[in-house]
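Next comes just one chain, in structure tokens: the form predicted on its own.
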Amino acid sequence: MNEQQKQFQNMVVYQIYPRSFKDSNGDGIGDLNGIIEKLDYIKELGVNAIWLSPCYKSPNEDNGYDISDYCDIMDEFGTLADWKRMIDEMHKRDIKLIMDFVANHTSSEHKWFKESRKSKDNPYRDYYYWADKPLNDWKSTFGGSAWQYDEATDQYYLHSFAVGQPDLNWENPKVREEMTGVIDFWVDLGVDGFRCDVLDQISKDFDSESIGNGPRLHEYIKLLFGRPKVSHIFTVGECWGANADNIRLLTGGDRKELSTVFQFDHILVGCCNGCKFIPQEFVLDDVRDALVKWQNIMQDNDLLTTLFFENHDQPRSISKYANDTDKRYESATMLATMMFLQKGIPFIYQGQEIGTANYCSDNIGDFRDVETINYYNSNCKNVSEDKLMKGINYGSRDNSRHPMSWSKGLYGGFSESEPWIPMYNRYKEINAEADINSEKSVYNYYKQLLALRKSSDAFINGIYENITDNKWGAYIYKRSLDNEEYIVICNFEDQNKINLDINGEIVLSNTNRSSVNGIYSPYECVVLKCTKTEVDMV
């Protein structure tokens, strides 16, 4: 880990999905000025960086991840002047801005692709992958073949995702020049970093079974981020295909590639064969084991890691991993403690900090996500409606995309008009106003948790050690540095008896626990500041 990566360990990142965060002009769609309205709320939480999902011009086949102009703002979200005012307001509050960078594909409405599809000898033809017939049997992430026939030139183009998201051909030096220019455009305007969408797919090997991790991947990433002009910015890659060896290459301190990456082993727990729409039985021990594995890998290799349960592609964590009904508060606070006091950079997704639960509907018409709708259409003839909708409610990306619930008022205080997608079913119960004023406030617990993390370098730079001792039903780990030592105890679904031979004090508890030893109720957690630990669980 280089010195810059060590500085990034101080970051706490809050992800905003702009379409669903706050509507300032009453059209039912969140916007940049709505974000400005809520910056103090974010700052108060203890956040010092914001990851903004795409706000660029887009026809929204995939909600902004299909970009038609990388250097302008989506009309529904505002103007470039609004964006400049937004980043100024963030910087006034010492909040960094991390933009979403979609390097693998554009929208089919982008001028490059419109030109590319006109003729085989068009100057933009090689900006994308074209072939007389599919070069392999790759499948689109959103269903069906990754090769789409286009009548205009009687050829096929590659799209790893929606049909309207053609893959860019990074073998073309002009494409590399264009995308480097996109990075420079935003850095010149003050952007502090980028979250890089499916970055490991920008290099292809058409003879491989995998659609990503091609032979020139590291070369391309160094071209983007290894230049002196951008050496100061934070970069995090979405790299689903990354393993331990790859991550060393992607994020090694001397590599000049990425600051860090997301890894997804714990996210895939509960998904049958990796399919988010087919629930699979699991226990939280399975999640813990995935976290322990990667904490050890990243620490042993001195790499910067990320800490997250939720983002714009995932269901709500309390609904997937815990109890979103009678133990909602305990579940939300235990999961936060379990995740965010580990070693790495916390990433919080909008609404997670108030314990937002999954949306639930038996009507596919309530969903907007292209992946979800494609899955429904592909399976509705051979899977029962009840089973199909149960899986969709479990895993749909729309679970995280319903409007943020600010109050119990009309449309949850998100907008004065009907939102682009329905409000969460429980918004009158679960909203920011109600939660902040509750005796059991998830938001206020998050504030305490993040303040505790910030207060001690043991949580930022300290050693991580799993001390659960292969017992079931809990996660107990240690964070220590010099003379400071903390023990984090997170109990899972069932009651557990936990005894610690310890000298210390409880500095955080989600149940106002006064004694560390004894019976722990489901989803109870404590943080101890201590000097000696011997753990025995019965």
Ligand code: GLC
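The first residue of the sequence shown is number 1, and the count goes up from there. Treat the numbers as computed from the prediction; the structure is a model and nothing was measured.
Another form exists, predicted together with the ligand; not displayed. Remarks below refer to it.
Engineer: Go through 436 to 444, 158 to 166, 70 to 78, 289 to 297 and give me the stretch that gets within 4.5 Å of the ligand in the predicted complex, heavy atoms only.
Structural biologist: Among the listed stretches, the partner-contacting one is 158 to 166.
Engineer: Find the only residue in 105, 110, 320, 328 having a heavy atom within 4.5 Å of the ligand in the predicted complex.
Structural biologist: Answer to the contact question: 105.
Engineer: Would you kindly say which of 324, 192, 197, 126 lies with a heavy atom within 4.5 Å of the ligand in the predicted complex?
Structural biologist: None of the others qualify; the residue that does is 197.
Engineer: Is residue 397 close enough to the ligand in the predicted complex to count, meaning some heavy atom within 4.5 Å?
Structural biologist: Although the ligand is absent here, residue 397 would touch it in the predicted complex, with heavy atoms inside 4.5 Å.
Engineer: Determine whether any heavy atom of residue 31 comes within 4.5 Å of a heavy atom of the ligand in the predicted complex, and answer yes or no.
Structural biologist: Although the ligand is absent here, residue 31 would stay clear of it in the predicted complex, with no heavy atoms inside 4.5 Å.
Engineer: Just checking whether residue 56 would be counted as a contact of the ligand in the predicted complex - the rule being heavy atoms within 4.5 angstroms.
Structural biologist: Close contact is absent here: in the predicted complex, residue 56 is far from the ligand, nothing within 4.5 Å, heavy atoms only.
Engineer: Using a 4.5 Å heavy atom cut-off, state whether residue 414 contacts the ligand in the predicted complex.
Structural biologist: Contact with the ligand, no.
Engineer: Suppose contact means any heavy atom within 4.5 Å; which members of 115 to 142 contact the ligand in the predicted complex?
Structural biologist: Heavy-atom contacts to the ligand in the predicted complex: only 142.
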